[in-house]
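Starting off, we have a lone chain in the form predicted on its own, written out as structure tokens.
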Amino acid sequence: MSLVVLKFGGTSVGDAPSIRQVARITQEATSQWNQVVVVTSAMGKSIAARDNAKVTDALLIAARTAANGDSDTFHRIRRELSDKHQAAIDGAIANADERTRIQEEIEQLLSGFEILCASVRVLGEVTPRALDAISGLGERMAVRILAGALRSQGVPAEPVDATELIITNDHYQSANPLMEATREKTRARLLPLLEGGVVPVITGFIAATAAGVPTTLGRGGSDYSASIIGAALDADEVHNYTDVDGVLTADPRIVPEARTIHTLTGQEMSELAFFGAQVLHPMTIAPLLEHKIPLRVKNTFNPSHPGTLIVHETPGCERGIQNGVTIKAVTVIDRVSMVTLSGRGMKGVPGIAGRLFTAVARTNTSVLMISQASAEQSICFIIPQSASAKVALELKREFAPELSTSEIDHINTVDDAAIVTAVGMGIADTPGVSGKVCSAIGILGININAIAQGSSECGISLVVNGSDSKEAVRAVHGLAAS
């Protein structure tokens, strides 16, 4: 029995025509695969650009303005969401009785949303747990409409809330799945539907603790949801549908000649996702690699395009050469800060790095990149620009004794920075690649502030000034294209 998981992003279900297109893709998949599972995001922007409202963004705005005492915004957003979903129902579902039933279900969900926001306003704060309860509402509405649209196409379908399937810890806003419990729940709930010829339409992004408290997997987490479910069901493939023709060699807004990559390894895709490629959630690949399940990234609005195939391993990748190309793609993360701790007293002193990163962890800040001088007299690391001030303050507290005795000379922060990363399997052991990357940037007179190479051996990251980042990306992309 062949099984495929189809995941559709927010733009793919952004309006009625898009939802009908998703239903057609799913219907075609049922003729090619024995069993089909669908995972959907909340409604996003309309591909026709008539409606640029993202449902999840609107829900979060409602919750946060309510916490600030605003009693009007969440009521307005409730009305707008009702209108948006009603338009999708009217345009995507053929049966009048079913349209009425689904709209009533959505109105009940929106009434619950209003009650939650009113409670948040009274309390004057919105906790991470409350945000998870509110922000996951969009997917719960979307599954009902998409399942109805599939039934209108003659495909038996049933909406399923992922709180019944994916069990996580209680790290609200970015929960981690407990895979053994998730596998058991997922198979128990979905296999009977699949054996009965029904297509489950599952909420992306949301999950629940073992006690049943709603959680979310982080923004963009619907990609992750599909991979978790695919792994739990031992799927043959997972197809991630978005609004581009697969994974591109660079951001086309920066590099207009960027092209679709035919094949990537899981390691390459993980590196791209971590360092700024926004096609997939950074954790999407992890559950699939363990089970060697291929992932294909495709375009909802150009479904005949083969997209990008992401596999466990491709022939020759261990040597870094695929069709004569070592660098496959270039990404950029902008709006980051470079923090440097330096001083002659650091050399050979045990525990400095441990204290440094423990202090950073106290601020709940993620470190994106680390670089240390061979002389052990400085450590620099990259963090989101929004965390720069609080991290610098915490480091000054931690190292106050060393700063007072000049064992540490200074803690310096550069806020206008960006990370440019070249990705390709085998970059670390392919002679000359690093030199070519640095030369391509240096020829343009762009200063490289720091450099690091990951343990995955498929990426090299350079820190440049933020104002130089686009030019640097174009320069490195020229190497990938050559």
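For every residue, the number given is its place in the sequence shown, counted from 1. Because the structure is a prediction, the values reported are computed rather than measured.
The next section is about a form of this same protein that is not shown, the form predicted together with a small molecule.
Colleague: Considering only heavy atoms, tell me if Asp243 and the small molecule come within 4.5 Å of each other in the model of the complex.
Modeller: Because a heavy atom of Asp243 falls inside 4.5 Å of the small molecule in the model of the complex, the answer is yes.
Colleague: So, Gly112 and the small molecule: in the model of the complex, are they within 4.5 Å at any heavy atom pair?
Modeller: Looking in the model of the complex, residue contacts with the small molecule do not include Gly112, since no heavy atom lies within 4.5 Å.
Colleague: Is there a non-hydrogen atom of Pro156 within 4.5 angstroms of a non-hydrogen atom of the small molecule in the model of the complex?
Modeller: So Pro156 does not count as contacting the small molecule.
Colleague: Just to confirm, Asn465 within 4.5 Å of the small molecule in the model of the complex by heavy atoms?
Modeller: No, Asn465 sits far enough from the small molecule in the model of the complex that none of its heavy atoms falls within 4.5 Å.
Colleague: Check each of Ala231, Met338, Ala277, Leu81 and return the one that places a heavy atom within 4.5 angstroms of the small molecule in the model of the complex.
Modeller: So the residue touching the small molecule in the model of the complex, by this definition, is Ala277.
Colleague: Could you spot which one of Pro252, Pro306, Gly345, Pro128 gets a heavy atom to within 4.5 Å of the small molecule in the model of the complex?
Modeller: So the residue touching the small molecule in the model of the complex, by this definition, is Pro252.
Colleague: Which one, 402-410, 278-286, 146-154, 84-92, holds residues whose non-hydrogen atoms are within 4.5 Å of the small molecule in the model of the complex?
Modeller: Selected stretch: 278-286.
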